[in-house]
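Same chain, two forms, each on its own as structure tokens: structure 1, then structure 2.
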Structure 1
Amino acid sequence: MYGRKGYQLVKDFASGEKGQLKPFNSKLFDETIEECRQNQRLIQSLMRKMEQEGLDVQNNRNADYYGALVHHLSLIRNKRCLMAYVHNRADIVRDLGWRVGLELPPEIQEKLTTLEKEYFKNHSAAIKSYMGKAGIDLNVDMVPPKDPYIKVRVVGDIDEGIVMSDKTTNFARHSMHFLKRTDAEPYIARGQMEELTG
């Protein structure tokens, strides 16, 4: 009652690491909505009581009015918590679209709801079409590199026969390659390769 569930939901979001998602807490989400319904039922019964007593709801400030007011404020508070939860998660999903591209690793996928996955897909597609029309890839490093090629080691599982801009290579695990920066960048961002320096 009185914004408790909304508070728990926001606390759950804040308890995760900054900038990272926890699995969508649909249980708490539904409980918050249920709490909103309870508040609404009480508001309606208090309003009806006032009308039955023949009092004008707008102008008569009696105990029923203030009771309804408290429930109304709690409902607005729960709404704010729900909105903030969804909004902040959407921010992170958008960020994912920029950093990681179209494919999501499975451990992230299981933390998103179907609506969030839909949002991610559409957002990534929008980014891709924007970059296509602008003619440049906006995801590359902003600082011009000293050397257009870098040495990388493959740490994750990559499908065979990926076509790079100048050759086709087989990426076996723990193999080292000398690749163009722009080709290697998306793999490094996804954690499938790591850059070797020195």
Structure 2
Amino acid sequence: MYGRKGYQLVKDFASGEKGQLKPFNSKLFDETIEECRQNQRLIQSLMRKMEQEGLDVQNNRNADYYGALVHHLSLIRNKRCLMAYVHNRADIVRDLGWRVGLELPPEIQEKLTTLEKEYFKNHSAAIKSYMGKAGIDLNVDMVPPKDPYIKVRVVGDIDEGIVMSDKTTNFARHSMHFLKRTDAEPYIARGQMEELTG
């Protein structure tokens, strides 16, 4: 009562590692909503009691008025805690699209609710649509590269005759190439190429 459940919910979220999701705490979330309902019922009963006694609810400042005020403030606090919990989880879900890609691994998916999975799917679809219309891949590199070309070595099996953005290339195992970063990134991410530095 008096906003304790909302506080526990936010504290549960804050106890996790920054930027990492814990499984959705539906038990505590539902308890917070139930506490909000209890506060609402108590506010209504105190207001009805004041009206039945013929007291002016707007101007009279008795114990029932202050009791209703305390329950109202508790209700607002719990609502804010619920919104903070959902908003912060949504921020992390949205950021996952940039950190792990537009497809979530199963160990992350099991921590999400059905609505959060739907939110991630819609967010990813919007990003894919934008990238398709703009003709750029926003997931390639979050830090701008110093040089648009990089030197790579082929370490995995890659099909022959791959068409890069400006030429057709044969990628024999252990061969080295000087490629556009945007062309090489997908192969580096799959472990078929490695970037050579120095």
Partner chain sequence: MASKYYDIDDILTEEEFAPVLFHKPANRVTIDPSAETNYVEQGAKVELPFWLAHELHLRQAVSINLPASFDQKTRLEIQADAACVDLRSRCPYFYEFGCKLQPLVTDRTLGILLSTAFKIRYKERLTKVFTATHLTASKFLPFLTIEETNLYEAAHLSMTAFKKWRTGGPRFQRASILGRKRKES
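Take the two forms, find the largest set of C-alpha atoms that superpose within 1.5 Å, and that set is the rigid core. Numbers follow structure 1, counted from its first residue as 1. Because the structure is a prediction, the values reported are computed rather than measured.
Both panels show the same chain in isolation, but it is structure 1 that comes from the form predicted in complex with its partner chain. Relative to the superposed core, residue 13 shifts its CA atom by less than 2 Å between structure 1 and structure 2. Comparing the forms between structure 1 and structure 2 on their rigid core, the Cα displacement of residue 25 stays under 2 Å. If you fit the rigid core between structure 1 and structure 2, you'll see the Cα of residue 151 move by 2 angstroms or more. Lined up on the core, residue 186 has its CA atom moved by 5.8 Å between structure 1 and structure 2.
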